Every structure is written in C-alpha cells, then in structure tokens.
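Consider the single chain below, provided in structure tokens and representing the form predicted on its own.
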Amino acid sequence: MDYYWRDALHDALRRNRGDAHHRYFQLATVDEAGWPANRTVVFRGFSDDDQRLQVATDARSAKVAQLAAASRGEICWYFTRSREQFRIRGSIELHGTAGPGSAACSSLWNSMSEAARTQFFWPAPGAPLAETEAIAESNLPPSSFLLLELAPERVDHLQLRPDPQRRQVSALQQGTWHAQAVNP
C-alpha cells in the first residue's frame, strides 16, 4: 500500500481524539523583520474537499498582517498518544464574510461555540485589556472573523513509536503527491 500523508493524519486524529489537546497545533509565519512568529491555534477541520486545514483567526491579529506580506506558513502538530509529529508546510488563504470562501467562513462561524465567537467582539489582539460586553447570538460573523486555510505542499511525518522510528516526507509536485521514506 502506498503511503499517503492525509490518511496518516486522519488516523492520528482518530487515535488521539481522547486527548483534548489533539485539536491544537503550532502555526509559524514570518514577521515584518524576518523573524519566525509561532503561535498555538485550534484545528477546526478540513475544507469540504478535504484538501486544506482550517483555523479561525482574528483579522486584527499580527499573523494576518504577516500573511498579507508572505502567504506561506508551516504547522507543527504533535500527537502524544500515538507519539507522532506532522510538520505541514503550504500556502495560506484567508477568507472573510464576502467573496470566495465566504460560505465556508460562515459555516465555520456557525459551528463554533458562543464562547469561541465572543473573542471576535473583544478589542483587537494585543490591545489594552478592557471589559467586554455580552454579545447577542448572531449567525453572521463580524468583520474581525476570518477563516484561515492552509493548503499543504510538503508534509514531514515522524513516527516515534515504532522501533525503529519511521519518517516520510511527502511533496506536492505538479499536482501529484510523492512520498519518500527518509532517515528519522
């Protein structure tokens, strides 16, 4: 059977679903001065075509400005139960409430809890702390809400549990995925 990274990722999500932290990964971008900028984000699912990873983000955050300058990033996702890591690099698109991706953006908004939605009505990330007002339930996301979609172009999958350890690097080349076993 040929190795396919997406099957391995779906399997890791299934095997680790009992751990609450299986939904969190680190997303790295590059800031205006060329420094790496890394933060933990919440995995919200896959796009309808199962090709892109989805994250909710605030339009006022530093990562949005960084992605406007360079729309690329890499995630690092470690699953403790199965002891495996996925480093996924690719291009990133942001979608708001209008234009391409607006339906997926609205769908993500409607799938989120009220507590998760509330943060998009707070002051901008990094702004001085202020009291927030209670929000009315809304099916319409505010302009501060964006859907971030990472389209993988390279996936490095490291499995620490087997002895010996295994590592596969997959790369998208001219629309086709190619995997190579490499030394861990």
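Everything numeric here is computed off the predicted structure, so don't read it as measured data. Residue positions are given as counts along the sequence shown, with the first one as 1.
Unshown form predicted in complex with another copy of the chain; subsequent notes refer to it.
Novice: At 4.5 Å between heavy atoms, is G90 in contact with another copy of the chain in the predicted bound form?
Specialist: Yes, G90 is a contact residue.
Novice: Can any non-hydrogen atom of F121 be found within 4.5 angstroms of another copy of the chain in the predicted bound form?
Specialist: Answer no; every heavy atom of F121 is more than 4.5 Å from another copy of the chain in the predicted bound form.
Novice: Would W109 sit within 4.5 Å of another copy of the chain in the predicted bound form, counting heavy atoms only?
Specialist: Output for W109 is no: heavy atoms all beyond 4.5 Å of another copy of the chain.
Novice: Residue-level contact is defined here as any heavy atom of the residue lying within 4.5 Å of another copy of the chain in the predicted bound form; does V55 satisfy this criterion?
Specialist: Outside the cut-off, so no.
Novice: Can you tell me which bits of 145-183 touch another copy of the chain in the predicted bound form, meaning any heavy atom within 4.5 Å?
Specialist: Residues within 4.5 Å: E153, Q165, R167, Q180, A181, V182, N183.
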